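What follows is one chain in structure tokens, specifically the form predicted alone.
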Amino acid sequence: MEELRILSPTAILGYGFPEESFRRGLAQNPQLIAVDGGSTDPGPYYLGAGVSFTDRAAVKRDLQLMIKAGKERSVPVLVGTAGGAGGRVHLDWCAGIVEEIAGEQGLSLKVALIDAEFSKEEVIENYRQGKLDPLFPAGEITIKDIEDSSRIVGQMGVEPIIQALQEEVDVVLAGRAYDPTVFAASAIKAGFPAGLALHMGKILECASIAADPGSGSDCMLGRLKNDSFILEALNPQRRCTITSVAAHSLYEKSNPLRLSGPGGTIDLSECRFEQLDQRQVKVTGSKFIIAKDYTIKLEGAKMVGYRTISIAGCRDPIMITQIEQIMAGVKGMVKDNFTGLRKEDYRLLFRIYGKNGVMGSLEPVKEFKSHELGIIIEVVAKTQQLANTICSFARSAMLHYGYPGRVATAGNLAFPYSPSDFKAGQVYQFSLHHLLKVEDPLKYFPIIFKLYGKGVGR
């Protein structure tokens, strides 16, 4: 095969894409339609709670267009990190949508489901054997951290996906997967260089975010050859440029020239970018360095409490200049009022937008001149009721706090909503962010084949 054409419809399944862009991509006869289904970017909640961060109706709309196009052209459709976080419950959720589409559209689909969820017993056994290493900024963990995890997944490499593709399936739904794998697996299976395949996959998984202007909800086409790959934005309003593609090659990397993943590292030290025309960029020189040890990234999430928040605004210039002292004063009032509570029973946090709400203590701008502030009062506590109680008290304490020079006789804060307090429910944090050494990259990723739709007995 001299060229492999891959259509990436959108940055994340459920983000949507223009049908016209999709049709432009189909007109170039892609041999693969692939999409990334999720990420850790939205935080640990979705992994821990077992829910998707993208809407079901939006995911179904995207999948329906992709699957119908793939079936009509005998082109496989691949989804990585199904359901947003890639656990077993997420995989089953996405599989249910595919089965529904098959029934409604009268399609007969052979679907490969690749499980990426680890049992706690498996992880504990590997921990005891010294096969787990923390990834920055995670530290060392204990067996209790593993036991407390609601769910643990591992990022699969290309090997399980290649194995699934050998069965001539219509759809591959992978649990948690290294982002480039659903784009690179078919290419590596066909004999294309792994470095080029994975680098192209790393860009295609974000689709037109790598275009100018960028969008997470638009299509991109990749054409892989043995010595290069070419990227093309499929919307006439966008174009791939050297800057946009090179910038995206630096995306989400601590080292601009290297990106480590299952089995090795993408090396971009000899990478070159060439503008072919107004909307296409050619990339050469990407390499893959095989690692001494094959490692899989483990991700785990555990519940740490319940959250309640209150959102308010402040436009009093006197209060704005004293906001740090006022927050400290409110925290003191809470502590004095609830003397029976231990430090670990709750956390009271303030996020001040207009000062350092985005970067917190890392904010380099120390002097601010905001005429108004957005204030989020957040409480995380061991029960929802306690979170509600502390947030309510802190909100009223700040509302009527008497600070030096205060002129206002009414409340200090403006609330855009009634009720002012929002019960946000369970709170999760990442419990594992570790590498697991494995001898067999297929061992922890079992594949189940299913038949959905027309002609399938019930």
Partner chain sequence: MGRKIIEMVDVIRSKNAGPYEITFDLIFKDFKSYQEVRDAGVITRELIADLYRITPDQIVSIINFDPARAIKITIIRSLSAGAVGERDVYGAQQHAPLLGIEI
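In this text, all values refer to a predicted model and were calculated from it rather than measured experimentally. Basically, rigid core = biggest C-alpha set you can superpose within 1.5 Å across the two forms. Residue numbers count along the first chain shown, from 1.
What follows is about the form predicted in complex with the partner chain, which we do not show.
Proximity to the partner chain in the model of the complex, taken as a non-hydrogen atom within 4.5 angstroms, holds for one residue of 142, 129, 278, 254, which is 254.
Checking 425, 411, 42, 405 against the partner chain in the model of the complex, a heavy atom within 4.5 Å turns up for just one residue: 42. At a distance of at most 4.5 angstroms from the partner chain in the model of the complex, all three residues 137, 243 and 271 contribute at least one non-hydrogen atom. The partner chain in the model of the complex comes within 4.5 Å of no heavy atom belonging to residue 401.
Within this chain, residue 364 lines the site of the partner chain in the model of the complex, having a heavy atom no more than 4.5 Å away.
Proximity of residue 359 to the partner chain in the model of the complex falls within the 4.5 Å heavy atom cutoff. When contacts are judged by a 4.5 Å heavy atom cut-off, residue 304 counts as touching the partner chain in the model of the complex. The partner is not drawn, yet in the model of the complex one stretch among 414 to 422, 389 to 397, 27 to 35, 429 to 437 has residues with heavy atoms inside 4.5 Å of the partner chain: 429 to 437. Relative to the superposed core, residue 365 undergoes a Cα shift of 2 Å or more between this form and the one not shown.
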